[in-house]
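One chain is shown next in structure tokens, namely the form predicted alone.
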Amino acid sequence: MKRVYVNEKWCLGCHLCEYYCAFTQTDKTDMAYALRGRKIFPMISVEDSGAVHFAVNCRHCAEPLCVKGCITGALSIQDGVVRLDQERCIGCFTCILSCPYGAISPAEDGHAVQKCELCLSTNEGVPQCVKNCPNAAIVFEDRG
């Protein structure tokens, strides 16, 4: 199954992946109009450890601890993608505590939590963070 991978040697720390992720969550066609004056809450985040930049995102693990720890079944695996059913989530944050990668975060849009679902709702086949990374540091590939 294809997953998002990050090559930290190529990451510039520009945060464009975060902006495109946040833009994808809107229903607008113009990024500047959609994000102007609003704080963004992307499902991918760029971390800076000084000399190295890297993006943190859901790894869609084969045996995800977040799914095993979810007490309501709001998290499930569908076709290899860890999906979140907002209607079933009660905001216990067990998934946040269970994820060893820090890829699930509290949501700011009225929901309890948020996580990457590989932009499946866009029907473009490639996550927007990958498609719009200017240095090709983020890739979407099957590494077996």
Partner chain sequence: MKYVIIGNSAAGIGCVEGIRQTDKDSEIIIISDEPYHTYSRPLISYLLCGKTNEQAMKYRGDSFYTENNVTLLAPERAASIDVSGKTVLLESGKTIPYDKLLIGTGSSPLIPPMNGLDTVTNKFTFMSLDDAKALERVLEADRRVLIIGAGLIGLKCAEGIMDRVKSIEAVDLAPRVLSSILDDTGAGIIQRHLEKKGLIFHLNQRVDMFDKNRAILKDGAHIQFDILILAVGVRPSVGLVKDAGGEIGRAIKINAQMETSLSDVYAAGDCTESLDVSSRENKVMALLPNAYMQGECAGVNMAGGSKAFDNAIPLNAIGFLGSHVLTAGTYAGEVHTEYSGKIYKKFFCADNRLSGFILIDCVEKAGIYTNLVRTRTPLDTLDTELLFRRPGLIAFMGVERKAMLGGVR
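What you see is a predicted model; the values in this text were computed from it and never measured. So that the term is clear: the rigid core is the largest set of C-alpha atoms that superpose within 1.5 Å between two forms. Residue numbers count along the first chain shown, from 1.
The form predicted together with the partner chain is left out here; the points below concern that form.
A residue is said to contact a partner when one of its heavy atoms sits within 4.5 Å of a partner heavy atom; residue 92 meets this definition for the partner chain in the model of the complex. Although the partner is absent here, residue 48 is a contact residue: one of its heavy atoms lies within 4.5 angstroms of the partner chain in the model of the complex. Shown alone here, residue 114 lies farther than 4.5 Å from the partner chain in the model of the complex, counting heavy atoms only.
Residue 80 falls outside the set of residues with a heavy atom inside 4.5 Å of the partner chain in the model of the complex. Shown here without its partner, the chain carries 20, 27 and 132, none of which come within 4.5 Å of the partner chain in the model of the complex through any heavy atom. In the model of the complex, the residues of 127-144 lying within 4.5 Å of the partner chain by at least one heavy atom are, in order, 141, 142, 143. If you fit the rigid core between this form and the one not shown, you'll see the Cα of residue 79 move by less than 2 angstroms.
Residue displacement note: residue 68 has its CA displaced by under 2 Å between this form and the one not shown (rigid core superposed). If you fit the rigid core between this form and the one not shown, you'll see the Cα of residue 109 move by 2 angstroms or more. Figure legend: C-alpha atoms of residue 111 and residue 25, shown here, are separated by at least 3 angstroms more in the model of the complex. Shown here is a form in which the CA atoms of residue 100 and residue 110 lie at least 3 Å farther apart than they do in the model of the complex.
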